[in-house]
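First comes one chain, alone, set out as structure tokens in the form predicted alone.
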């Protein structure tokens, strides 16, 4: 009877160790895909910025136009003790930064809820939503568009669609950076579990 119980415990321990290894490999795969997606988003953003500068003229798109005064942060990152460790809160109103702080989390929360679909699929869905005008059904879209337009107003009233596309590309890159940070935290957690399993079997 005792040997049977020991055999069951041993099989359970092996199954748990194998699951930890699979979790680690999944995290590594997700991390590599996200890094590739980030590189693509940044490359697209720089190309669109170059195109916008070409169409609008170098005098209208340059660093001399930046407003270097102090501003309330319209996008912030919250750090939690649990996973996901980092959460992006985007486009809070610069006039009332507290008012929209909860609503601004909707799109990022939705991204994490669909995490099982894989990072590449998430990125494609996010891009499709934006092309459709996209955003959350809780009414944050108008506020986000208002804040995006306010940010671009330093380049003039009428800006190139390429400049707006540039803004979205770099916004996507920021989201990818936060998700990469969360995936890296999950990866390190999975690695620690694998190491503990190795230590216990030695």
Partner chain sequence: MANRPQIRTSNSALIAMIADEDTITGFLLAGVGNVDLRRKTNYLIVDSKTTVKQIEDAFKEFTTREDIAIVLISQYVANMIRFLVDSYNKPIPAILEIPSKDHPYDPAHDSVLSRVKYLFSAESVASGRR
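Just so it is clear, the structure is predicted and the values come from calculations on it, not from any experiment. Numbering follows the first chain given and starts at 1.
Here the subject shifts to the form predicted in complex with its partner chain, a form of this protein not shown in this document.
> Which residue among 157, 59, 63, 142 has a heavy atom within 4.5 angstroms of its partner chain in the model of the complex?
Replying inline: Filtering the options by heavy-atom distance leaves 63.
>> Residue-level contact is defined here as any heavy atom of the residue lying within 4.5 Å of its partner chain in the model of the complex; does residue 188 satisfy this criterion?
In response: Judged by the heavy-atom cut-off of 4.5 Å, residue 188 is in contact with its partner chain in the model of the complex.
>> Just checking whether residue 181 would be counted as a contact of its partner chain in the model of the complex - the rule being heavy atoms within 4.5 angstroms.
In response: Answer yes; at least one heavy atom of residue 181 falls within 4.5 Å of its partner chain in the model of the complex.
> Is residue 194 close enough to its partner chain in the model of the complex to count, meaning some heavy atom within 4.5 Å?
Replying inline: Close contact exists here: in the model of the complex, residue 194 approaches its partner chain to within 4.5 Å, heavy atoms only.
> Applying a 4.5 Å heavy atom distance criterion, does residue 30 contact its partner chain in the model of the complex?
Replying inline: The answer is no: residue 30 has no heavy atom within 4.5 Å of its partner chain.
> Of 42-73, which residues get within 4.5 Å of its partner chain in the model of the complex if you count heavy atoms?
Replying inline: 42, 46, 49, 53, 62, 63, 66, 67, 68, 69, 70, 71, 72, 73 sit within 4.5 Å of the partner.
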